[in-house]
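First comes one chain, alone, set out as structure tokens in the form predicted on its own.
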């Protein structure tokens, strides 16, 4: 068994692929640098992330795969709940480079099929974040929204929010992964909130943290939400399917 250890970044994964071809040794296991090694193995190779090597691999993949397939690769990297996700991506990229023609529609290949299923989950989660965003206006005029997405999809939503809300400062925060993105009307930057006492970490602003008119707007939104509901057509099961319960915690209309 051949083990590659690396820093568990996408750039590091591409570097693993470059070094595998360069050394003509391909891993059976990809493992984080700090993880304990198994009792038995044939060799361990420590891979250091190299942006130049990663870029060369990506350019090689661009010759073999369509932009859609490349998006599948990069987006699927953000999926959680798949312990061997990186090894799956490694195998797909390896096959794509070696194949005489594109493999992206070869769903008879178990790895290609699994990648498409993972990407589908990530894509749906991205859309849910966009659909269920509920900004709260804070006292300093920054619009704040909190999420606990199943997958690490916030990076996939930033272009949408920057284009859609270009005229206001906003902060979108992943409460599970403890990071977010802040837009200051000029650029977007990744941030981590280190002050454990801040009301932002509760996900819902308290009265002191809200802008003066925010409570009124929240009341109006709840009234509108109730007014458009048709009691005779209430379908709780369909409602939970379209609006997963895990998002209710930060939806104003569910408070």
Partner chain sequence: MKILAESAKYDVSCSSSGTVRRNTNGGLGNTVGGIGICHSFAEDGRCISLLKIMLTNNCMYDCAYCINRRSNDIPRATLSVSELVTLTIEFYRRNYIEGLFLSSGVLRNPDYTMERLVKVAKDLRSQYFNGYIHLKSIPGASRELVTEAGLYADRLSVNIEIPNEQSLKLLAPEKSFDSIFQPMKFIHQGILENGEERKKFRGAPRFVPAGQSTQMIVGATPETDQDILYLSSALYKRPTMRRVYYSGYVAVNSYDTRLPALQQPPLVRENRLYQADWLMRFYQFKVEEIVNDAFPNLDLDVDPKLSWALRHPEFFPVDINRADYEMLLRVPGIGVKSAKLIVMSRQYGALTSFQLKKIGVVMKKAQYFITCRELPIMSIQELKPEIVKNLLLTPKHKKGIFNQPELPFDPI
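Numbering follows the first chain given and starts at 1. Source: prediction; values computed, not measured.
Omitted here: the form predicted together with the partner chain. The next part is about that form.
Out of 134-142, 73-81, 150-158, 89-97, where are the residues with a heavy atom within 4.5 Å of the partner chain in the predicted complex?
Among the listed stretches, the partner-contacting one is 134-142.
Each of 1, 193 and 201 having a non-hydrogen atom within 4.5 Å of the partner chain in the predicted complex: is that the case here?
Not one of the three qualifies.
Can you work out whether residue 213 and the partner chain are in contact in the predicted complex, taking contact to mean some heavy atom pair no more than 4.5 Å apart?
Yes - in the predicted complex, heavy atoms of residue 213 and the partner chain come within 4.5 Å of each other.
Using the partner position in the predicted complex, report whether residue 243 sits within 4.5 Å of the partner chain, counting heavy atoms only.
Contact with the partner chain, yes.
Flag residue 107 as yes or no: does it have a non-hydrogen atom within 4.5 angstroms of any non-hydrogen atom of the partner chain in the predicted complex?
Residue 107: yes, in contact with the partner chain in the predicted complex.
If you check in the predicted complex, is residue 102 within 4.5 Å of the partner chain, heavy atoms only?
Close contact exists here: in the predicted complex, residue 102 approaches the partner chain to within 4.5 Å, heavy atoms only.
In the predicted complex, which residues of 210-248 put a heavy atom within 4.5 Å of the partner chain?
Contacts from 210-248: 213, 214, 217, 218, 220, 221, 223, 224, 225, 227, 228, 229, 230, 231, 232, 233, 234, 235, 236, 237, 238, 239, 241, 242, 243.
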